[in-house]
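Take a look at this single chain in structure tokens; it is the form predicted alone.
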């Protein structure tokens, strides 16, 4: 089996950022070397007010935390565009041998600049009562890579070069059709009664640092030289794009707008969490191996750290976040508070035991320390006090599992996410 490009991220980070990496200490994978730290309390406001009621959470502390993450980490994104347009590109009521409805749609973010657009691929199960619940997630290499279906349009957007796959000049090729199918078990998802909606993240913002001039950044006045320390980075841009997908889905009568789950892996797991924190139309939020800047606690300095992620990917976060390079204790938040922003909606965090770069323990601890907010809101929380055994999922309001294997999305992961969704999209409504 071909080893995924994204499975080699830690090595590539070190190679691609030699100047920054030489200035950093060795990566820590020793639990005994995790520094002592104290986490900010999500239920204590900046003025010292103790948050004791849901009203105080929603009207005081939650907006305060959201503003801190916006200003100091992800950056300030614009709202819904005024000149957005949806264009149907292709539709079949008998896709995948009659098992699915397929629809391909272009979302033009601003009709004055139609060249900046995102293509959305949608599959709905043919024999499931309408409206159906859906999973929404961005993909890494183009919609055509998630399934060998020959009708899926090949992306014309920038893609990362890969000689092993014949990708040069940053252009996708037909040879890459279906190469990511293992991460997107379309038929299985459909068989469980769910639709799948995906778009290529590079349509929204190409994943390299050009000074915030390309992609959706270029549509707004703070692109390029005007980009300020609080302005949005790429993760905020990708999360913004996920919300634009929901704008479209709200126009599709076959989809249940009250049962939309957002899912993401790795950097797109960070994106899914930030999208879920900002947009409460996502009823379930799922983070797969999201690590630093996602579900993992920054203060642990285990695996990837704030300094390493900022120096390797300077475009992912706002410039203010760089103040915390090797200075995590000064952060006015940590990632458990990102998960708390999703409360009381269900959230699921998944780790892989070989993915030490993403700090599985730090991901679990974020779930654990977000629990007081969930309990304050009467939503239960995490049904665990310690990390569970491998491949043993916990389906509480804060779901969690750590599985065998490496940095990837597997059929095991999807089976848990679908069961988790059954619990909150189906069982609670019976």
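Only a predicted model underlies this, so the values are computations on that prediction, with no experimental measurement involved. Positions refer to the first chain, counted from 1.
There is also a form predicted together with a small molecule; it is not shown, and the following applies to it.
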**Prompt:** Looking at the small molecule in the model of the complex, is some heavy atom of each of 140, 304 and 357 within 4.5 Å of it?
**Reply:** yes
**Request:** Determine whether any heavy atom of residue 313 comes within 4.5 Å of a heavy atom of the small molecule in the model of the complex, and answer yes or no.
**Result:** yes
**Asked** Does residue 266 make contact with the small molecule in the model of the complex, using a 4.5 Å heavy atom cut-off?
**Response** yes
**Message:** With the partner left out here, check for me: in the model of the complex, does some heavy atom of residue 284 sit within 4.5 Å of the small molecule?
**Reply:** no
**Prompt:** Within a 4.5 Å heavy atom cut-off, is residue 270 in contact with the small molecule in the model of the complex?
**Reply:** yes
**Message:** Counting any non-hydrogen atom inside 4.5 Å, which residue from 277, 180, 124, 309 sits next to the small molecule in the model of the complex?
**Reply:** 309
**Asked** Which single stretch, out of 215 to 223, 100 to 108, 313 to 321, 240 to 248, brings residue heavy atoms within 4.5 Å of the small molecule in the model of the complex?
**Response** 313 to 321
